[in-house]
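Next up is one chain by itself, shown in structure tokens, the form predicted alone.
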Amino acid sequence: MAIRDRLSGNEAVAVAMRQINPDVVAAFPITPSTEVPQYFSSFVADGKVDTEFVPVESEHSAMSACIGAQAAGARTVTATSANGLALMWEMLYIAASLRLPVMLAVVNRALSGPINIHNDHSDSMGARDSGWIQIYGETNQEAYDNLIQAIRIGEHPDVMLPVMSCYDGFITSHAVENIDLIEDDKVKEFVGEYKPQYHLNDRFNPVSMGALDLQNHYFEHKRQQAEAMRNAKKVILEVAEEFYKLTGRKYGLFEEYKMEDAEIAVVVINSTAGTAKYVVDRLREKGVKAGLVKIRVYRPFPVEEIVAALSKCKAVAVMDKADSFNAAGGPLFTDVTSALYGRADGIKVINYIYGLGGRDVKTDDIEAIYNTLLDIVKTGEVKSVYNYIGVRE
């Protein structure tokens, strides 16, 4: 029977970590993720877990310690945000290339500079091609559920890749919501034991990790990483189905909200989806066939599934809480349009950059985006593809 509680997103993630009881947590504080290792360290001090907690001098060291621990056969978890994730940059690629399923809670925050501690997605979006699986959560409940599922996903023998479980700084991380927790014993049973096929402490099957990898083998190893990322999509859905049987909470690669007959739709990530759903409901009351696609799994990107979800729409707006500075559009926009190209070319697709540095996105802003889509459907004309909303021009 589920345990009803009121927790912030960071508390919920720390509780999930306690229930998983990882072998090692190595972490360095940075707002707004600081509370995750802070709460977890109290579980260590109180003897509620037998995790080896390693306080380090930087985020680069935190990920380095996680890589060493995971390579030695230990299940390893950490958390960070923004500049902390940027300081891990070198080690993110190493963790992925060594096929080490480190679990990282990313509490999304604007990446400096200028210095800003509030939410956007520039940190994790900057790491989107580092070889990590990326899963995003709208609510505290999803942040909790995603972390538990992420352990199983990353450690699957067909995957063996590190996983970022991302949720919005302050909006999700610090806001308190009602949440349904799973019983401790059921979480432990669900995640199981970490039994890597190879690790450094196996004296009967000695291996080398981090060796020099030149022209003869580097390309093949990168190709294997790419195949593992392809495999992850199937595994994510399999784990989600098991999780549904355990909890009654259903997850997929993304959520479709009132998309059955939608003629216009918005594609968005994380907490803004809640605001957008309210706008969709209001437009539906007026007879507007509006819908929403909320991305949950961004890496691997669900190309065929996104195309199927949007194929009946006449116009789509992709909302990015990060800018690529490529003069062409945000990262989610370029992935969505790439997916649609050659598969659903008739759909008019536009992009909106919004909410950078924690700028509020209001229902009026999102409704204005839907109204622009309605104009596109009516006139067949796209006046501007690459747009900003909520900024003083």
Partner chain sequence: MSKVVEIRWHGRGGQGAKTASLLLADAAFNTGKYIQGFPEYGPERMGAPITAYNRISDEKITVHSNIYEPDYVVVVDETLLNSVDVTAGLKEDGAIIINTAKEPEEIRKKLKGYKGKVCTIDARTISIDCLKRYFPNTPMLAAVVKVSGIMDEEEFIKDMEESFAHKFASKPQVIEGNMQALKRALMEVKGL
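Positions refer to the first chain, counted from 1. None of the values given here were measured: they were computed from a predicted structure.
Same protein, other form: the form predicted together with its partner chain, not shown, and the subject of what follows.
Proximity to its partner chain in the predicted complex, single hit among D360, D46, E57, D50 (heavy atom within 4.5 Å) | It is D360.
Since exactly one of S208, N201, N178, Q197 fits, which has a heavy atom within 4.5 Å of its partner chain in the predicted complex?
-> That would be N178.
Thinking of its partner chain in the predicted complex, which stretch from 361-369, 343-351, 60-68, 326-334 has heavy atoms inside 4.5 Å of it?
-> Only one stretch qualifies here: 361-369.
Report whether the minimum heavy atom distance between G73 and its partner chain in the predicted complex is within 4.5 Å.
-> No.
Consider L283 of the chain shown here, and say whether it contacts its partner chain in the predicted complex, taking contact as heavy atoms within 4.5 Å.
-> No.
Please check if H174 has a heavy atom lying within 4.5 Å of any heavy atom of its partner chain in the predicted complex.
-> It does: once its partner chain is placed as it appears in the predicted complex, H174 has a heavy atom within 4.5 Å of it.
Evaluate T139 for contact with its partner chain in the predicted complex, applying a 4.5 angstroms cut-off between non-hydrogen atoms, and reply yes or no.
-> Contact check for T139: yes, within 4.5 Å of its partner chain in the predicted complex.
Partner contacts for 297-311, taking its partner chain in the predicted complex and a 4.5 Å heavy atom cut-off = Nothing in this stretch is in contact.
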